[in-house]
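Take a look at this one chain, the form predicted on its own, written out in structure tokens.
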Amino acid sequence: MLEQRLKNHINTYGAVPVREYQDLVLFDPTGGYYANAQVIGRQGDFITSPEISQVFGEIIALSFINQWHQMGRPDKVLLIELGPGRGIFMADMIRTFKQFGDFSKTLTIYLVEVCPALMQQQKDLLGDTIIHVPTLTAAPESDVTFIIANEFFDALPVEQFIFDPLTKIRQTRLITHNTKDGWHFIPHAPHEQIIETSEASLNVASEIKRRLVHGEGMAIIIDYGDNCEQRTGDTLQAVHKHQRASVFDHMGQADLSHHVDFKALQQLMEPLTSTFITQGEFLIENGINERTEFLAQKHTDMAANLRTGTIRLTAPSAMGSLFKVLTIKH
């Protein structure tokens, strides 16, 4: 049992950093969250935008096609998706790409995935149209690279520190367990003294930047997070069966994620061209309302679901403001 193994580790070696805890409960090959095949969708713990509406994937696909035209229609394009979930997002994009034969024939598609159960679902859905790699760095080089990361960065491990404004000392925030207090963080500190960083996120972003700098292309990063100049506080959170939970409950059975620090990602991408807007703004600017109405008129039996899905994806009171889009071009 994952929880008992972690207790034994702490009893032997002491408290573990937040990053180590998050990495273990999410990615442990036997007891980790992503070793479970049913983590996404209505039967799982969370629903991503592609699960809500096919139009989401279509709009992203059209964004890549439009960028391809602006680049002069290069004859070889490498498309990489980071964290492809069950493959539904890519299936929607591929269906759209096929309507543009000149673009579709230029594509080679790679999926960055480490979960065997999800890899199998992706293969079952997408067949031989895709190639799996465990990391972005394992994907081949290309003169033209398109990258999409939807709800990928929020699952990458974070480091947490406690910064004392008086002494200017920064301590690593740790997780430990004992029979008296159960699972808890140490040292104790007020919310405003907690600082989060994500070395894993910056490493992936650096590789995205390297590929765009050495060639050309576009990357789209979609996630929930913020773009604050001075960011403090603990954003680590857990979801179990679509309900918020303690990060210590349902260990290995709950999804752990954090708010993405888009300011850090955008600053790292300089001097590449980047834009940062809400998901609602991005989708509306790229024609989601028009596409939804076209499909609703064509498929009247699906009209209500299509319109409801688009509202959910774009409304400020739903996912429209919660999720952000960082687009990087070269």
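In this text, all values refer to a predicted model and were calculated from it rather than measured experimentally. Just count from 1 along the sequence shown to find any residue number.
The same protein has a further form, the form predicted in complex with a small molecule, not shown here; the description that follows concerns it.
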| item | value |
| --- | --- |
| Residue contact check: N150 to the small molecule in the predicted complex, 4.5 Å heavy atom | yes |
| 4.5 Å heavy atom contact, Y34 and the small molecule in the predicted complex | yes |
| Proximity of G83 to the small molecule in the predicted complex, heavy atoms at 4.5 Å | yes |
| Residue contact check: V112 to the small molecule in the predicted complex, 4.5 Å heavy atom | yes |
| Heavy atom of each of T48, P134 and A155 within 4.5 Å of the small molecule in the predicted complex | yes |
| Partner-facing stretch of 168 to 176, 84 to 92, 67 to 75, 243 to 251, counted where any non-hydrogen atom is within 4.5 angstroms of the small molecule in the predicted complex | 84 to 92 |
| The small molecule: the contacting residue among L118, I130, I220, L212 in the predicted complex [heavy atom, 4.5 Å] | L118 |
